[in-house]
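Just one chain follows, in the form predicted alone, and it is written as structure tokens.
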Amino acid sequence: MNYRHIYHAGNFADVLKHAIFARLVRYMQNKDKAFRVLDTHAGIGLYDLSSEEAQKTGEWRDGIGRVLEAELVPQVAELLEPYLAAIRELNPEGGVRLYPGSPKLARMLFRPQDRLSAMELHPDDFQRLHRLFEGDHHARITELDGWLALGAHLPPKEKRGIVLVDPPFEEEGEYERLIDGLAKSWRRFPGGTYCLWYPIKKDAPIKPFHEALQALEIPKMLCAELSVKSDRGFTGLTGSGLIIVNPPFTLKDELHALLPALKDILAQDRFASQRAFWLRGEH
């Protein structure tokens, strides 16, 4: 309950997560039918990067700050367009003072028929999130442990949806909780697209995590990872990954264009790396 994303909003991990999440939203909109985004750990929805908390760490400067200053080749600019267009809309005078969390980003990309269910357990953050979406009939904001939402809120009545699971990884056992949460929710909603975020740092159990996911025998699971520096002599976050279940058929090729560009832009030393590969399914 201590985790506050304002200290980390707009950092390199957010860039990876939100750029890919925006691609998933756009792909769902290729069909006219409505869909729902279920955001299990939603935060406050909108972050002021000029705030004392964000300025204290300044992590956004090596994240979205770099991306906005980079010269993007046309293909990468097109892939990032939904994500960056939302940021430009929030900051009409340029730069980036306001940064959208995933519920706000989803809402900005929605069509009239699309819907949001956002869960937040932290009482102060829930209140801020609730105020942000007050009176918005496209959004349902619930004060709830996001892990419980994977049972209670699936399948969505629209029968189409993206489930974003982005826990703070404050406690022991979060990797295992991700595996269990996916197993439970996929049984309830096997046709959904799932996007699971996880941290990469020194001694993180990434290989057994991937092996446990493969053992679930979910037919299609794509993995995207981006590390910005070496973990030698550093115990904090050096990278992050996303597991995408039932990904759009175009996403693997998009990642092969997008991830190398993000690695070049966001690298903090010569050991920066990226990869996109199938955990299960198409190869």
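Being a predicted model, the structure only gives us computed values, none of them experimental. We number the residues from 1 along the sequence you see.
We do not show the form predicted together with a small molecule, though everything after this point is about it.
- Stretch 118 to 126 is the contacting one of 152 to 160, 86 to 94, 70 to 78, 118 to 126, since its residues have non-hydrogen atoms within 4.5 Å of the small molecule in the predicted bound form.
- Highlighted residues H18, Y47 and G146: every one comes within 4.5 Å of the small molecule in the predicted bound form, counting any heavy atom.
- The shortest heavy atom separation between G43 and the small molecule in the predicted bound form is within 4.5 Å.
- Although the partner is absent here, D166 sits close enough that one of its heavy atoms falls within 4.5 Å of the small molecule in the predicted bound form.
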